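Included below are structure tokens for two forms of one protein chain, each presented in isolation as structure 1 and structure 2.
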Structure 1
């Protein structure tokens, strides 16, 4: 078979500990990255996509990449460290508004001291990364309760963060530069003198961010810190008995997770939306990210991508299939059918395979490795 390890000998420790120790996996990843970085831009120029190149890039690929990045951050906290969080939308909003303030200039009036603090507009790339850093700081603060509570109680604590920041960004007009409508527009996407404006340029920008952060996250969870997270997830008391500090492990998980989610929130606001309001990062966004992680696979970087594809693409297909088949259905009926089919598929998947699509893919790979004697 094509997926067979026979003849692939590992002679060094580095080869044995590689991210993709099997040659076929490395080839598949290289092909996938080649299609993403080279194939998609070439085909977009020829405009041969089924729904049109702009539609595919703007409505499918851009949100898929950004939500997959956010799902990676959620998976680090929920899947690898076992800390349930319902405040992911709030951390996306913190990343977005922090990047917006830093990208447009920060002015903090201190009338009681007789002066003001002013920071000139920062470059977009630095603003996005600092927006993620601001989300990490807030994530650490809201991760402190995880030292004493866990499970549903921790979920409620993170849900409080969601409601609190929804109120802050809606009522405190300083974050929106005192815009009367509460809606703000992202600054010009200028990266090292290159103006990123076309859909394909925005797609390439998001693809670079997602690729870099996915590799960093994959290496991180395979290292010492990742093993501490998984030990805390499996049994925190036993992990503490063998020398793992819950304070360090849990707060680093909140920090890394919130940083990645904050960067994803800045990209969602700057690259995908362009202009937004606080409702763009409501509780619905937090639940959507959590569903992506659960469906894709807890404790799996690949599961974040699979879950994002499932959550994002399936409703689009359910919306378009009846019209393509010539079935006369009203928009209201299609919407109801979408919710029914979507919810039924999620329930069926969670019953048949609670570990998500990532587990199904792993089982398929194991069967191929043992063929013709699959278990």
Structure 2
């Protein structure tokens, strides 16, 4: 009843090709963005529950936004282009450390040439974006093998990236500005003279990044490039026969995906963690991102958000519910339970609903469209 598109006639090509052709979708999105951009800051400003303490902003919304951004990146590669990657944590790390180096100034002594390259510290925004760009370049490099190898073999190749960069950022002290402990701190978050410090400011910053990138990604995947990726995913040889260049399609997928993941990594390090060490981007992070995409929905931008929300909230619920019910579990048991639940959920979703929660939502929409008179 609520979700009826009867009477919404598209009279121009532009309307037909809009991102959200249905009015209800547009309204829902506008309301959601309104809540995110205006509602949350207002509530936080007036200390209204549950925003009274910073806990919700700092511990849930901030990681949710950044991980959702990273999940969009992973989804472009895995969900849209069908190139499975277990190295997304490494690309987050590359984004984070390149942004860190650029934000604190790069100095490359080239002793054998007799001079040194020095770049003064760049503004934070620029270094975050350039961090993403660095990740994109490395992503292309590691995407090159995907032209000869595919599927499972590629997964191992991306694992190589993961372990290699774990080691690089742990052992090559140039990247950490020779910090003795190996952990580094982000430079002050200074955007055009505005200092981003309080949780609500950090939240707004990430929200802007995520909104912009989500719209860009959404537009990209429904355009020419996105359709090329999907053709490669569905059957690469057939795609090649109809004139899609696998080289171009695969490498662009790697580049775009690593760029987004790199930006997310830089945000994760700069805005969420503040100071971090290579362990923050280990293989566990890669698997976590892959889970978000599988659970949320392969090949769906919305799925990235749903998956990120789910993976962040489940452990918290597991922590809270048993203790509220009076059967507190030990932290060990909770961790193990989490493992089991995630594992079963992945298997279950792969069997029953390979397109994840996002598909469930769109089934819900289909049903609402006919309600209350199903055929």
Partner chain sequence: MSGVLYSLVALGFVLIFKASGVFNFAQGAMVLLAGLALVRSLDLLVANGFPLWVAIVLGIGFAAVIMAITAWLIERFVIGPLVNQDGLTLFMSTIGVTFILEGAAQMIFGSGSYPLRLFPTDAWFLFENLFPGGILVNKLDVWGGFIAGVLVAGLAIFFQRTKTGRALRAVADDHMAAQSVGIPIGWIWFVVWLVAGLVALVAATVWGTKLGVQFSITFLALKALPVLIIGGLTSVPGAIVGGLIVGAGEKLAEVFLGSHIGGGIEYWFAYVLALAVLLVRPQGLFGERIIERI
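Given the structure is predicted, the values throughout are model-derived calculations rather than measurements. C-alpha atoms forming the largest set that superposes within 1.5 Å between two forms make up the rigid core. Residue numbers count along the first chain shown, from 1.
Q: Given that just one of these two is the form predicted alone, which number is it?
A: Answer to the question: structure 1 is the form predicted alone, whereas structure 2 comes from elsewhere.
Q: For residue 10, decide whether the Cα shift between structures 1 and 2 is 2 Å or greater, given a superposition on the rigid core.
A: The answer is no, as the C-alpha of residue 10 shifts between structures 1 and 2 by less than 2 Å after core alignment.
Q: Against the rigid core, is the Cα displacement of residue 322 between structures 1 and 2 at least 2 Å?
A: Comparing forms between structures 1 and 2, the residue 322 CA shifts at least 2 Å.
Q: After fitting the rigid core, is the C-alpha of residue 309 off by 2 Å or more between structures 1 and 2?
A: The answer is no; the displacement is under 2 Å.
Q: Enter the rigid core superposed C-alpha shift of residue 347 between structures 1 and 2, rounded to one decimal in Å.
A: Its C-alpha shift, to one decimal, is 3.6 Å.
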